[in-house]
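A single chain comes next, written as structure tokens; it is the form predicted on its own.
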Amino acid sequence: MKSCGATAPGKVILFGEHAVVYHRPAIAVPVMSVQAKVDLQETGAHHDVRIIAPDLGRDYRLAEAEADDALALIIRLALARFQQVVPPEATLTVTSSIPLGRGLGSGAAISTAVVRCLAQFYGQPLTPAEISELVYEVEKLYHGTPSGIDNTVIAYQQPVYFIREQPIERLSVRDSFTLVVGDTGQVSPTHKAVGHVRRQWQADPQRFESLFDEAGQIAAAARNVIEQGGSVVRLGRLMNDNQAVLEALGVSSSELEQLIEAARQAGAWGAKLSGAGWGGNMIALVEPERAAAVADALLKAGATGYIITEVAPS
């Protein structure tokens, strides 16, 4: 019996969340220390795919799934892409070390791993761009009006400079830098936060266009720092500036700001929320030798967990 497996990393947005929906630039990087994993084992029975997701407490068959079931949707999209009318007689098991609903791209990572696994199973390799395109369709379920940044950075597994509806630019990282990701313990309701910003923009387009412009300028400046290297202090200041814009957009929260302030007080060069906001994660830029101290400060300030990750030269 045939079997295969595939993985995909998490991600964090360094700069530009929310503004990226309005065609301003954003920067995102993969978080390789957390992964979604998919295993497919051919069974030769039941004429269907059995889907097991132990992290979600789910065990069901593809034929039984609702139309808006994200796992079922990505399987169906992949089968259509591979011109497979009949599903494989197999068990597909999904596990993940990426916290759910925290802005780390768990949904896009799971979808990416599913596509990679089925591509391997059918011997039809796909490019990162082709994988990203399929995963984007599922992202619409999670986020309503997704920017496309999650599926892009995860499918490519490389830092990206992203402007919606423009060609992907992979970001060249000159010098490594270290991030501490702090978890508020609260689910980040992406579609609600995105919808809130959209309503605010519709009510006061001039003010919000100005805020989006500011976020885009910060992201562009950060790209220069990352590609030229050396100025971690400048990069930290830009993170703080981006956080101020996100607060003005109304997507921060007292829990996020408490962790952000704790990180700064513990010696982080800069800190900001990452993702939709209203919960989820914040990120802090730190010297490697300060990472443990900043992580400890986050836990004392109420974080339910943390990840230390390095963005390496590329």
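The numbering used is simple: start at 1 and walk along the sequence shown. Please read these numbers as outputs of a predicted model, since none were measured by experiment.
One more form of this protein, predicted together with a small molecule, exists but is not displayed; see below.
Asker: With the partner left out here, check for me: in the predicted bound form, does some heavy atom of Thr190 sit within 4.5 Å of the small molecule?
Answerer: Thr190 belongs to the contact set for the small molecule.
Asker: Just checking whether Thr145 would be counted as a contact of the small molecule in the predicted bound form - the rule being heavy atoms within 4.5 angstroms.
Answerer: Yes, Thr145 is a contact residue.
Asker: Might Val21 be said to contact the small molecule in the predicted bound form, defining contact as any heavy atom within 4.5 Å?
Answerer: Contact check for Val21: yes, within 4.5 Å of the small molecule in the predicted bound form.
Asker: Give a yes or no for Val29: in the predicted bound form, does one of its heavy atoms lie within 4.5 Å of a heavy atom belonging to the small molecule?
Answerer: Heavy-atom contact with the small molecule at 4.5 Å: absent for Val29.
Asker: Tell me which stretch of 145-153, 230-238, 67-75, 109-117 has a heavy atom within 4.5 angstroms of the small molecule in the predicted bound form.
Answerer: Of the stretches listed, the one contacting the partner is 145-153.
Asker: Here the chain is shown alone; which of Ala276, Ile283, Leu259, Val38 has a heavy atom within 4.5 Å of the small molecule in the predicted bound form?
Answerer: If I apply the 4.5 Å criterion carefully, the residue I get is Ala276.
Asker: Heavy atom within 4.5 Å of the small molecule in the predicted bound form: which of Leu171, Ile98, Ala90, Val194?
Answerer: By the 4.5 Å criterion, the partner-contacting residue is Val194.
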